[in-house]
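For this one, two forms of the same chain are given in structure tokens, first as structure 1 and then as structure 2.
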Structure 1
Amino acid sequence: MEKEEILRQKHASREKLLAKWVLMNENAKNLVQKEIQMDHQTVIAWEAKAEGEKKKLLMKLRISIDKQQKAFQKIDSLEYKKKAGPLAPKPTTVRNVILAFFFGGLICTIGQLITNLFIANGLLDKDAGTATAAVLIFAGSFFTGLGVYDELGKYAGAGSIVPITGFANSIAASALEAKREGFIYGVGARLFMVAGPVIVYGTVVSILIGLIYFFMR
């Protein structure tokens, strides 16, 4: 009997295990999975050396073995979800929405108070907005460095990723994670991994808007 035919028979016999796969113990499952992997590697080696019609037949056999392996994995995945589903914690969507709204609004309110403070001290509205953005960026980075902003994120959720402070947090956090790699290839490189796309996008969009404004006025 040809070696290819032996593999086909083994493949066919494993198809019968699909119906009782859930009832099998882990050791038996592992043995079947190892057998599938070995057969798959064997067929790949034969396929690489074969030619013509034989190569096509081996390719079909390899694809069938792939599908069989995925079928077993799918059964395991569904069974895991079935068992883990009742044990999974219930989502707290309403609570998360309320906290995000509260903390996001609180950060924006603090920003408005800072703006009002700058205006009260003589800055123009436009200059006060720029100064406020600088203060919030510094605060987001500073509190990220202290670990306070990450703790806030555990409760605030999406409310902590409001523009400016959230962006400052993402940049500073990336830099802190890479500080062991040095200040240039670590901190500096990681800073621009996050900030780079934003800077490029902002620059390109500002140029386009400027051109549109220039030609339409």
Structure 2
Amino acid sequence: MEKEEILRQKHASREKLLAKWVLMNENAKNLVQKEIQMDHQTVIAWEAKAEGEKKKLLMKLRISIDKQQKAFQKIDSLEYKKKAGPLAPKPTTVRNVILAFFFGGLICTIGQLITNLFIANGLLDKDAGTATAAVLIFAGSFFTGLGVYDELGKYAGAGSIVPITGFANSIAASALEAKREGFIYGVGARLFMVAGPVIVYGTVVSILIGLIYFFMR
């Protein structure tokens, strides 16, 4: 038990270093890291042989040494991010938002024109909406096949992702690229790579809404 007490004290004294870690030079840091690593392997060896209560205590010590190591790394990581972060080029948000607005609006406008066409030909409002969705999904898939939709996506960003054509694009792109892996585990399975989560969470939310409505009624 005495040997463990020494490790525990070393561990506790290292905790004090956390505050001045940033100011320490690399050699000093390396020495501390080495000490942590040595203590860690010692505890692992003890833990492997220990039993019962003692084993639990040693496990706790090992975990706290782990945490200490990560805490030091975290400080280094934050320091580095502070240094490197400002060097990263910023996304051109204003331009992106304008493009997203324009292309997103354009796709919706096309949707409205198609809907009007269906209504003029005698479809009910609701059916016209459904038919429009089907046409847009066809268009999204078709332009994905032609290799045009990903080019649009470069400029339009969310403007090409949010409309239902974007949903069709993510399905068609996943399916298309899996062609070489066969039609069962390739196309058939990968088709749902992005659509799957949409259907899963969409269905779950709709059921929850249905249930809430059922019990509130």
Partner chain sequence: MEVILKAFLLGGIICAIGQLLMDLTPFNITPGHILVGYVTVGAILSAIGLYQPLIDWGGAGATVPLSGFGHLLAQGAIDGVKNKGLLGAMGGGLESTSVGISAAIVFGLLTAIFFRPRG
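Treat the numbers as computed from the prediction; the structure is a model and nothing was measured. Just so we're on the same page, rigid core means the largest C-alpha set that superposes within 1.5 Å between forms. When a residue number appears, read it as a position in the sequence of structure 1, where counting begins at 1.
Between the two copies of this chain, it is structure 1 that is the form predicted on its own. Taking 2 Å as the criterion, residue 65 counts as shifted between the two structures: its C-alpha moves by at least this amount when the rigid core is aligned. Core-superposed comparison between the two structures: the Cα of residue 81 travels 2 Å or more. The Cα position of residue 49 differs by 2 Å or more between the two structures after fitting on the rigid core. In this core superposition, residue 90 moves its Cα by 4.3 Å between the two structures.
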